[in-house]
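Just the one chain here, laid out as structure tokens, in the form predicted on its own.
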Amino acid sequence: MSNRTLPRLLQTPAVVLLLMWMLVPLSMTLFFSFIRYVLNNLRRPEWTSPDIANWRGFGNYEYVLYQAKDFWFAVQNSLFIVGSVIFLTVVFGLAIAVLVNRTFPGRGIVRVLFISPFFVMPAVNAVLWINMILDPVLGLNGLAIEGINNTISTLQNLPGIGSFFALWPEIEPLSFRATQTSAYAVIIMVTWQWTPFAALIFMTSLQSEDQQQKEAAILDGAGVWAQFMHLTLPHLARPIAIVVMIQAIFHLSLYAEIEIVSRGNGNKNLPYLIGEFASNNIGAASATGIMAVILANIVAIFLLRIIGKSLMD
């Protein structure tokens, strides 16, 4: 037996198990997407079981693409939420990493504290934010707006400047459960939870930054912003690309935050739409799932090309 044969034989059970773990669910989903499979249908009881006789071809895909009113909105909302969260986490993560990378008393404690949000469960994170912070009545959102209105009301009674503040309208707190704002609530809470992850990656990379280059730049008269743009940011190009790819993979599957914030009222993404279909129409849910996999792969290929380019530069 050659030196290569034995390792391959030892690896075969794990590879076969991994392939079954991946291919069996994917194959079943692909099969369900081509048949009529409706869990509750009194008129056509034969559709309630996954049978090849219920073959529908691309009918489920046509239904999802052209008749399901929320599909394209879910795609657009998914990309909007993912793009917004990635942009904000990278910006805030860079700012925090650069600040915390400096030497100051208690730096170790600060690092531990600001990483802690990443370990909060998504459902707990959503409940805390929507009820204790963003609630327009009992949350910090409502209390802050009430405090501002009370302050303005007090200033309106002062002589001299009262006439100026009398022109100010009363501020109404935003309801982040509403159709127009629920997506922003999801973006806020997910950004808060994932910014520590980005900052941790960036802080680790900053430890290997060439300090001699920075000292030479300082001697040449380069300011703080010039050092950041021409030294620090190029040094963080690879970590930024990795953070973007990892977060895109995770955020395309957001579900708990949307369910808790709005129950899908004007704020659906593809996983949430799949969950709605799966309550009865398994065929449509499977077709949507296959299209979600295709979308995720398109995003992954695009991001991998960006990462590959940054690694080669």
Partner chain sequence: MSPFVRSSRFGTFFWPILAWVLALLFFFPIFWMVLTSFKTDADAVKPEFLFFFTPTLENYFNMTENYDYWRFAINSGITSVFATLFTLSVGVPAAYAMAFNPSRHTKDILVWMLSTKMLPAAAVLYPMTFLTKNMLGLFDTHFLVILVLSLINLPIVIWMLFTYFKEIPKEIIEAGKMDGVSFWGEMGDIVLPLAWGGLASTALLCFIFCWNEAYWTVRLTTTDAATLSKLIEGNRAPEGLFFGRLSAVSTAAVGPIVVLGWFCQKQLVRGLTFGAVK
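Numbering follows the first chain given and starts at 1. It should be emphasised that the depicted structure is a prediction, and the values quoted were computed from it without experimental measurement. What we label the rigid core is the largest C-alpha set whose atoms superpose within 1.5 Å from one form to the other.
FYI, the form predicted together with the partner chain isn't displayed, but the following is about it.
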Q) Which one of these stretches, 68 to 76, 153 to 161, 168 to 176, 115 to 123, sits within 4.5 Å of the partner chain in the predicted bound form when only heavy atoms are counted? A) 115 to 123
Q: Find the only residue in L233, V91, L143, A226 having a heavy atom within 4.5 Å of the partner chain in the predicted bound form.
A: L143
Q) At the 4.5 Å heavy atom threshold, is F58 in contact with the partner chain in the predicted bound form? A) no
Q: Answer yes if any heavy atom of V64 is within 4.5 Å of a heavy atom of the partner chain in the predicted bound form; otherwise answer no.
A: no
Q) Any of the heavy atoms of P271 lying within 4.5 Å of the partner chain in the predicted bound form? A) yes
Q: Would you please decide whether T204 lies within 4.5 angstroms of the partner chain in the predicted bound form, comparing each non-hydrogen atom pair?
A: yes
Q.
For a quick check, can you give me the residues of 83 to 103 that have a heavy atom within 4.5 Å of the partner chain in the predicted bound form?
A. I96, L99, N101, R102
Q | Rigid core superposition, I290 Cα moves 2 angstroms or more between this form and the one not shown | A | no
